[in-house]
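Okay, here we've got a single chain as structure tokens, the form predicted alone, with questions on binding and movement later.
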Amino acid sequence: MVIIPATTGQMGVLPGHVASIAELKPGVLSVHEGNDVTKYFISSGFAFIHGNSYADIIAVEAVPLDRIDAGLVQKGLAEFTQKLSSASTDLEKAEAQIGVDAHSALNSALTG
């Protein structure tokens, strides 16, 4: 089973799942194999669920959750929050907001 962070909410994919496409949001993708669970943080992308019990996950970035440094996430969140508060152009605001959103999602993934 795979649990994906779709924009419509968490989505579990089991064998025999109906074919579909889902847009992914920043969050945790969990791969369950027997009793083993491997978790990845993904930044965004798409999931293509095929009728033959296969799923293709196309992610912009995917990092094993246990390889993410919580201290660096906190530092990045603080930096992007400061950039957002001092941004003067729409571009600066948009770039800073993306940084805040991504780091907030990383922080949530790490804190459960």
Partner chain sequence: MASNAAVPFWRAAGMTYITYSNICANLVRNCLKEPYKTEALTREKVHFSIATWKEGKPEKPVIRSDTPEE
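The term rigid core refers to the maximal set of C-alpha atoms that superpose within 1.5 Å between the two forms. These figures come from a predicted structure and were not determined experimentally. Positions refer to the first chain, counted from 1.
Missing here is the form predicted in complex with its partner chain; even so, the following discussion is about that form.
**Student:** With the cut-off set at 4.5 Å between non-hydrogen atoms, does residue 13 touch its partner chain in the model of the complex?
**Tutor:** Output for residue 13 is no: heavy atoms all beyond 4.5 Å of its partner chain.
**Student:** Should residue 103 be classed as touching its partner chain in the model of the complex when contacts are defined as heavy atoms within 4.5 Å?
**Tutor:** Close contact exists here: in the model of the complex, residue 103 approaches its partner chain to within 4.5 Å, heavy atoms only.
**Student:** May I ask you to check whether residue 91 falls inside a 4.5 Å heavy atom distance of its partner chain in the model of the complex?
**Tutor:** Contact check for residue 91: yes, within 4.5 Å of its partner chain in the model of the complex.
**Student:** Answer yes if any heavy atom of residue 40 is within 4.5 Å of a heavy atom of its partner chain in the model of the complex; otherwise answer no.
**Tutor:** The answer is no: residue 40 has no heavy atom within 4.5 Å of its partner chain.
**Student:** Just one of 31, 78, 63, 87 has a heavy atom within 4.5 Å of its partner chain in the model of the complex. Which one?
**Tutor:** Exactly one listed residue reaches within 4.5 Å, namely 63.
**Student:** Do any residues of 61-84 have a non-hydrogen atom within 4.5 angstroms of its partner chain in the model of the complex? If so, which ones, in sequence order?
**Tutor:** 61, 63, 66, 67, 68, 69, 72, 73, 80 sit within 4.5 Å of the partner.
**Student:** Verify the C-alpha shift of residue 97 between this form and the one not shown: is it 2 Å or more after superposing the core?
**Tutor:** Yes, shifts by 2 Å or more.
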